[in-house]
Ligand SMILES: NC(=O)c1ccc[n+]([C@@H]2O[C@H](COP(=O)([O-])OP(=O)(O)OC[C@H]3O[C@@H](n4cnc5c(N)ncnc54)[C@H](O)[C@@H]3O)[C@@H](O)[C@H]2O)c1
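To begin, one chain is listed below as structure tokens, in the form predicted alone.
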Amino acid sequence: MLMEGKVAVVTGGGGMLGSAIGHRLAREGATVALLDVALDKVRNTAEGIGREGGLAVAFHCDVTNTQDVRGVMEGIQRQYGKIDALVNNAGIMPHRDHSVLEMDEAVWHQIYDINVHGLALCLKFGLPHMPDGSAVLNMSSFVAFMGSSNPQEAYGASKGAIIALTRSLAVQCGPRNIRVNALCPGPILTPHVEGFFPTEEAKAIRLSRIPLGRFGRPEDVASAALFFVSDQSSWITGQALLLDGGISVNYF
């Protein structure tokens, strides 16, 4: 198994993507520490992994709270002795995010606080517990590469910042052979994403832009995450992989 004997931390572990990633890493032998501000949801994920025969533990953690993040990372170190993989998946994509020309400043700050500052705190307090040869995966998005006539500019800007941070840390962590990469999913069909398509026509228009002819699934993200945090990607660092069914290359 690709993650046998490894300890993996997944933030946002109560959501659909975090849950899918946690399940996949556990199936490959990892002990998975799942972090989320929604304790009930993250416990459900951990219990589901346990029913499959995997090892997982749930932690309440607000990634924007310094004491929360420091305490949880130190607790994982005490309990398991190390963190071999850190998947920074926690983030928000509010429907009320729009153009900067009409933005609600409170929404802008909330998105940046969670998506960028929260991720940075997890790196700050997680990396000291990661041995040489470990891997970090930061969750970005295909919108960091594309403009849109229906903009989500705070979200897009936050995901672009994550790519920049990923590249900088890849250089800093290289001497310890710690790989730092970013994953940039396109539209993954979750109930939240479906909320961006108010009609079947709107959904069909978005689908028509995807050359592979379907929306992404949480399992697609989980498979890519496994690749990046396992030794299968041992000579890849500082990269931002578009996982979008080809939508970002389709011009018409």
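The shown structure was predicted, so the numbers you read here are calculated from the model rather than taken from an experiment. We number the residues from 1 along the sequence you see.
Quick note: we don't show the form predicted together with the ligand, though the next part is all about it.
K.L.:
Are any of the heavy atoms in S141 no more than 4.5 Å from a heavy atom of the ligand in the model of the complex?
P.N.:
S141 belongs to the contact set for the ligand.
K.L.:
Taking the ligand as it sits in the model of the complex, is C61 in contact with it (heavy atom to heavy atom, 4.5 Å or less)?
P.N.:
Although the ligand is absent here, C61 would touch it in the model of the complex, with heavy atoms inside 4.5 Å.
K.L.:
Please run the contact check for P185 against the ligand in the model of the complex: heavy atoms, 4.5 angstroms, yes or no?
P.N.:
Residue-level check for P185: yes, a contact with the ligand.
K.L.:
Look up in the model of the complex whether I114 has a non-hydrogen atom within 4.5 angstroms of the ligand, and give yes or no.
P.N.:
I114 belongs to the contact set for the ligand.
K.L.:
Between the options L226, I210, V193, V57, which residue brings a heavy atom to within 4.5 Å of the ligand in the model of the complex?
P.N.:
Only one listed residue qualifies here, and that residue is V193.
K.L.:
Using heavy atoms and a 4.5 Å cut-off, decide whether R24, V87 and L127 all contact the ligand in the model of the complex.
P.N.:
Checking in the model of the complex: none of R24, V87 and L127 is within 4.5 Å of the ligand.
K.L.:
Any idea which of 97 to 105, 168 to 176, 133 to 141, 75 to 83 reaches within 4.5 Å of the ligand in the model of the complex, heavy atoms considered?
P.N.:
Selected stretch: 133 to 141.
K.L.:
What are the residues of 5 to 25, in order along the chain, with a heavy atom within 4.5 Å of the ligand in the model of the complex?
P.N.:
The stretch 5 to 25, when checked against the ligand in the model of the complex, contributes G12, G14, G15, M16, L17, G18 at the 4.5 Å heavy-atom cut-off.
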